[in-house]
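As structure tokens, one chain now follows by itself in the form predicted on its own.
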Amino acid sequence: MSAKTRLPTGQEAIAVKGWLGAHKWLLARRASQVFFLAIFLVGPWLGWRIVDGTLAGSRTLKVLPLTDPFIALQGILAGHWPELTALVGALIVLVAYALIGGRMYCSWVCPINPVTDAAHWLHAKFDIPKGWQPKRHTRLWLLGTVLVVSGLTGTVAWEILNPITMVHRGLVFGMGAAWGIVVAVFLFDLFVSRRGWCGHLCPVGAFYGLLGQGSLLRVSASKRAACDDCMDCFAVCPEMQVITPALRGKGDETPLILSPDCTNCGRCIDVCSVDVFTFTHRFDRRIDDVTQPAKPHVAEKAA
């Protein structure tokens, strides 16, 4: 085990890249999340009708329809066939996330992501026990259950409980009981199950993961030979199991992270002081086997 595993997560990257360089993708994600909230909120709050609706279904500039395909699918199974405009909106979103990576929705758009990230940060800071960890395929079973229930009951079942929709509507029309959902998800991830909601239970994430299995945008460990075993990428990754096949691959084994569980959050790129990871496309299987010179310990640099 490298001595760097005893350093605070990301400290070496900050020393090498600077604070901004070691947080650029995190800051970009927060900016993206704020942007997607803002374009919905400026209408009811300021009267600027850029986007009408919510993440469930909207129309941009009164022209471009966008529909959450997971909600559209539940509606179809419930026997409520959407109007043509809603179907076109769902198709647009389907194609977009199929190309760029389905679970980018989870890390770049979803308003619950900052809540669960905050819970994980506190969980790590106070060294709270890992807690109950449901199997990761539990979210797939929940996804299937939601679709079956929608078909049997004639309702868009998940929208009764969906914290994403409740928070989004709450911000537009007033939070009310939606705060209870936010607090419940936060406390669940903080005390009950580390990264439990997004990583193990959320059927929305499961749906978008399936949608993006063949997506073009990928993270690659193209410089895996330079890895110094600091383990920071594993510490920050919300789906740490996706890293090992790419980072520990041998010979010509692909350096691409191909798992649909990857959210393309970019945090592994941020915290890697030797730049092992990068964003690329799924056809880029280039491997740089030139080992970079070992970097001195942060404490040695300070000395």
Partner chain sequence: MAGGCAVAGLGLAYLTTDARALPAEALRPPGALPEDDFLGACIRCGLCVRDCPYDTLKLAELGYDGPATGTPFFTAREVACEMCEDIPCVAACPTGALDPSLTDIDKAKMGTAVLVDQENCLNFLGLRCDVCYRVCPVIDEAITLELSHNDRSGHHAIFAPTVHADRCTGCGICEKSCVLPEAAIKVLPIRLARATSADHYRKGWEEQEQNGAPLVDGLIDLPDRLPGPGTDNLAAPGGFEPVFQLPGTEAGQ
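For clarity, every value in this text was computed on a predicted model and none was experimentally measured. Numbering follows the first chain given and starts at 1.
This next part talks about the form predicted in complex with the partner chain, which is not shown.
Novice: If the cut-off is 4.5 angstroms on heavy atoms, which of these, A178, L217, A124, A225, is the one near the partner chain in the predicted bound form?
Specialist: Among A178, L217, A124, A225, a heavy atom within 4.5 Å of the partner chain in the predicted bound form occurs only for A178.
Novice: Heavy atom within 4.5 Å of the partner chain in the predicted bound form: which of V156, L190, V93, V115?
Specialist: Exactly one listed residue reaches within 4.5 Å, namely V156.
Novice: Within 4.5 Å of the partner chain in the predicted bound form, counting heavy atoms only, one of 47-55, 238-246, 26-34, 264-272 shows up; tell me which.
Specialist: Going through the listed ranges, the match is 47-55.
Novice: Is it the case in the predicted bound form that C198, T278 and I287 each bring at least one heavy atom within 4.5 Å of the partner chain?
Specialist: Not a single listed residue reaches the partner chain in the predicted bound form, so no.
Novice: Indicate whether the partner chain has at least one heavy atom within 4.5 Å of a heavy atom of L161 in the predicted bound form.
Specialist: Contact check for L161: yes, within 4.5 Å of the partner chain in the predicted bound form.
Novice: Is C233 part of the interface with the partner chain in the predicted bound form - any heavy atom within 4.5 Å?
Specialist: Because no heavy atom of C233 falls inside 4.5 Å of the partner chain in the predicted bound form, the answer is no.
Novice: With a cut-off of 4.5 Å between heavy atoms, is P111 one of the residues that contacts the partner chain in the predicted bound form?
Specialist: Output for P111 is no: heavy atoms all beyond 4.5 Å of the partner chain.
Novice: My question is simply whether I128 lines the interface with the partner chain in the predicted bound form - judged by any non-hydrogen atom within 4.5 Å.
Specialist: Judged by the heavy-atom cut-off of 4.5 Å, I128 is well away from the partner chain in the predicted bound form.
Novice: Go through 62-87 residue by residue and record those having a heavy atom within 4.5 Å of the partner chain in the predicted bound form; state none if no residue qualifies.
Specialist: Contacts from 62-87: T67, I71, G75, A78, H80, W81, P82, E83, T85, A86.
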